[in-house]
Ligand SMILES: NC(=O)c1ccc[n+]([C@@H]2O[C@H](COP(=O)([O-])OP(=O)(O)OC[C@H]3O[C@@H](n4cnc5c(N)ncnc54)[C@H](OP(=O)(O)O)[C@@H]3O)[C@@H](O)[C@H]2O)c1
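Form predicted on its own, single chain, as structure tokens, below.
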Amino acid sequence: MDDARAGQPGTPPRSVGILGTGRIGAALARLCRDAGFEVTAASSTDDPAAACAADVVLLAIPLGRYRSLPRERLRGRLVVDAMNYWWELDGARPDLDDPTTSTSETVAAFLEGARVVKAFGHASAWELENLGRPAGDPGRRGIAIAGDHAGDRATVAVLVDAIGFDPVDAGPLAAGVAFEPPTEIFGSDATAAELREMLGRFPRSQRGRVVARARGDV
């Protein structure tokens, strides 16, 4: 592949950078290496330059620390947000608990110029570590993808499929609120068909109604 095209919307990635080396980051690093991608992982004490230069950069740090991300290095990059808000870990954070926006939209606003897609965050660590399956396997699980550009969602879908999961296109980045905690999808370890059903039910769920009221959709 021409280096100039690597990481462009709709282009299959060759390299993956991972910021965060906890359980989720480690599981994604192993899956990506096993799938044949070039992988560079960086912890909070590492120089993130190499990881940020990858075709796709996965964010797997605690969400409460998103402002520590090297946003200048991520400008123009395809960035996959796998982070979640936990008040027990992050403390009370009105900016991350605001039903008028999704947490990935908050991250995208901070990472001005980056192309942010939400994926992987609803999967349990156990699912990522144990449930990757070949395409067509009836037990294959699904991973929901939300992003504002179809080409970027398509690129992330290639990555999801390559590491053993069925991609489920959830639409724009704002739709990522449907698979944040505490929604039905979060931690469900569901198949692609089940994920689609859950996405369809979200507007009628308690969290969905809270979001709709906050956004003036009802």
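In case it trips you up, residue 1 is the first one in the sequence shown, and so on. All values reported here derive from a predicted model rather than from experimental measurement.
Below, we refer to the form predicted in complex with this ligand, which is not included among the displayed structures.
In the predicted bound form, this ligand sits beyond 4.5 Å of every heavy atom of P13. Among heavy atoms of G142, none comes within 4.5 Å of this ligand in the predicted bound form. This ligand is not shown here, and in the predicted bound form it never comes within 4.5 Å of any heavy atom of V117.
Contact between A109 and this ligand in the predicted bound form is not found at the 4.5 Å heavy atom cutoff. Using a 4.5 Å heavy atom cutoff, none of G147, M198 and S205 lies near this ligand in the predicted bound form.
Judged by heavy atoms within 4.5 Å of this ligand in the predicted bound form, the contact stretch among the candidates 118-126, 93-101, 71-79, 131-139 is 118-126.
Along 15-48, a non-hydrogen atom within 4.5 Å of this ligand in the predicted bound form is carried by L19, G20, T21, G22, R23, I24, G25, A42, S43, S44, in order along the sequence.
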